[in-house]
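First comes one chain, alone, set out as structure tokens in the form predicted on its own.
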């Protein structure tokens, strides 16, 4: 089902796929999510709702590994809405891999006591309605969220992403800068805009860090002119 939906998306476009998925999965959290349209790519960026999202996982493979925590922070009207920010631990079956626990600090007893992903995803999908997800290295979040929706609802999460890592790479290349190993890490990107340093590998903190980075990047684009030299930044200029 997930592969078929991706094939149809490439063939007829994401809007028709979303409409079809809304009808097919009516009454489920994913079907309810698809009933609300995402913003069009021509909308001014500050009229678009975004949802910065970060996942902590048990590994790097969405097919074999699991989501251990999820955090999100809304961005509305060009500003961060901390009152609607959330972080949830997610139950993980089996022991937490030591290499993962060292990074995010989620221990076996915490993961065991956490709610199931099936109980967390409806709240996340509700928060994502009508918004565009933002992540740093969005391929990871896309892969795990696709896999989660596939397992829970039998369909992928069809939505455009803003990737602050890819956006930073484009901005630096436009300035003629050389990209070096590690120069596009979240903390390294934030330092260029004089943003404060946060402790990494907490889903809520990293989502907030990503949201702040996006606003700093857009402020830089407003000052320097967007990719083609004009100053009207629309959603299409932020998407990967």
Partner chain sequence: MTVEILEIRDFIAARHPFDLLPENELATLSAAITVRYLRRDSVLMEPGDNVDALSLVRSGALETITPEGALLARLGEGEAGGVRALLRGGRAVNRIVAIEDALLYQLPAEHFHRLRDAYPSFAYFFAPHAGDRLRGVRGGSDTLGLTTRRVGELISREPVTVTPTTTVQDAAAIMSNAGISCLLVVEDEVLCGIVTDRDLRSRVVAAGLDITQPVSAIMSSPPLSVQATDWLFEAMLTLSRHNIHHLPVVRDGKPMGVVTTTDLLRTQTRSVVFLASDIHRRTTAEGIRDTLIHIPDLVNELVEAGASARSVGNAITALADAATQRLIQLAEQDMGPAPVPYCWIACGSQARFEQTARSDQDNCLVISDDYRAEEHGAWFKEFTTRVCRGLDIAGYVLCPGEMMAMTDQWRQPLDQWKRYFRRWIGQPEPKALMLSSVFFDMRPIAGNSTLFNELHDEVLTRAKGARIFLAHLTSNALTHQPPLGFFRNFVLISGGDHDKTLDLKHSGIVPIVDLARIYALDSGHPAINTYERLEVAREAGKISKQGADDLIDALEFLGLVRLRHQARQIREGARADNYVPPSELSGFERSHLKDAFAVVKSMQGAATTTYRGGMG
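Please read these numbers as outputs of a predicted model, since none were measured by experiment. Residue numbers count along the first chain shown, from 1.
The form predicted in complex with its partner chain exists for this protein as well; it is not shown, and the discussion that follows is about that form.
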(request) Determine which one of 28 to 36, 205 to 213, 168 to 176, 61 to 69 lies within 4.5 Å of its partner chain in the model of the complex, judging by heavy atom distances; exactly one does. (result) 205 to 213
(request) May I ask you to check whether residue 82 falls inside a 4.5 Å heavy atom distance of its partner chain in the model of the complex? (result) yes
(message) Residue-level contact is defined here as any heavy atom of the residue lying within 4.5 Å of its partner chain in the model of the complex; does residue 41 satisfy this criterion?
(response) no
(message) Given that its partner chain is not shown alongside this chain, does residue 86 nevertheless sit within 4.5 Å of it in the model of the complex, heavy atom to heavy atom?
(response) yes
(request) Would you please decide whether residue 182 lies within 4.5 angstroms of its partner chain in the model of the complex, comparing each non-hydrogen atom pair? (result) no
(request) Only one of 122, 160, 154, 78 comes within 4.5 Å of its partner chain in the model of the complex by heavy atoms, so just point that one out. (result) 78
